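Next up, structure tokens for two forms of one chain, structure 1 and then structure 2.
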Structure 1
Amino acid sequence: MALSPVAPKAFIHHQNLVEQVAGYLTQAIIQQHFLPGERLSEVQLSRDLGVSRAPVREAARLLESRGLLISKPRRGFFVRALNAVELEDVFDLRLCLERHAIQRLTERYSVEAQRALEQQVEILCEAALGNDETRRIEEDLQFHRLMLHYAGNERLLKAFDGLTHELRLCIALITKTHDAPDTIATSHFKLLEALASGSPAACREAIDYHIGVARKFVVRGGGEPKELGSQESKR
């Protein structure tokens, strides 16, 4: 049976709506408008956003696949509360990806790559001075995406992109446990210095330190389940 001529347009419109709802929920979770362990109300969200429950439900399923929500039978969707073990796993995988990326980047560090990374650090530092936490997180991730891009392995970049949804939660935790969030931005200069040196050992040491400091602030400073403020336990 042939599809109606309007079906593809309706499908595209619906998919765009799902992505818009997913984007809204992602930002709300990162900014902790919805706290770890909190149950999301499809009814309330559909009212607040002026949409039906269907795109809200599909957006929630999408965020579940991205590691931001979990579903419980007959109970609905809850904001994922990452515990210390899960956070360690995220940083362990991130370190594996970025160690390999920076090693490859050292071998092919071009003027173009250097300029792009330097410019991104400047943008990140500018963002760190503002009050837009979402922008700080995105500019931070963009620096690391550029590193992986110029490393010349698109599959490596794709693997990193798959991790970025959970990394957004991790970076948000860093900014909440770090005494001076602007130093998170300036810490990227050490990575640029290591790359400029052309030393693989210096680059590995720099990335190990950079990610190690982030791991310390998140896992030791705010990663224990009791410190993530599970809302479900309070209900």
Structure 2
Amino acid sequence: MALSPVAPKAFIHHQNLVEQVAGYLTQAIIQQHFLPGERLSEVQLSRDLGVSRAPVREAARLLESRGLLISKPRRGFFVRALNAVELEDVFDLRLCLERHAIQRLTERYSVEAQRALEQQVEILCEAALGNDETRRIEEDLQFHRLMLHYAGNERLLKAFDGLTHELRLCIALITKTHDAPDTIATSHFKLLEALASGSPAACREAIDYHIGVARKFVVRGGGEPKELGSQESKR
């Protein structure tokens, strides 16, 4: 395992060590400082971060439940490596959740929801113009979180949040998507239009198209066709 990726101690200012470690690990994994399949040493991590092993272990379990790490008994934690099939499955599940959400949303589309979504699209467009890829992704996800929220089922939103961690991983695994800003904008405007029309069929078509585009980006964007991440650490 590589030594500390980036000035780790700066991340820790005492309030809740578990969440801080989890946040640090999440960032490090998404930014590929830890490679897929790589083994994480609890001792090394605790040394690097200047904390004991207990919070590191609990944080690792947290990330395991989020699908970013997998644990092998008596072997330790490894960075999750997604293959093409798993990647397809993630997007299929996302489609499942968002189809359901947008259908519910048509049944209870409020002025408040409409305003919030429109505002978020504006923020997203602004972010798309900038250079900060991470922020663009976060604002994009936030738009979808808002949709799920206004769909009026918090458990649905929670399920989506469970997916977002893996989605970030998917997006991180492929190299920069550098899709055009106007593509992003129109893609989301279509969703707004469909919602405004109030037609379930139009909404479904819009969300299918929307996610289909994202999926295609990810699936064809990666390097290796079969395995997006290397597997076993070969020490």
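Just so it is clear, the model here is predicted, and its values are computed rather than measured. Reference numbering: structure 1, starting with residue 1. Definition used throughout: the rigid core is the maximal C-alpha set that superposes within 1.5 Å between two forms.
Between the two displayed forms of this chain, it is structure 1 that matches the form predicted on its own. The Cα shift for Q31 between the two structures, taken after rigid core superposition, is 2 angstroms or larger. In this overlay on the rigid core, V43 has a C-alpha that sits 2 Å or more away from its partner position between the two structures. Taking the rigid core as fixed, one finds a CA shift for L63 of 2 Å or more between the two structures. The Cα position of V21 changes by 4.2 Å between the two structures once both are aligned on the rigid core.
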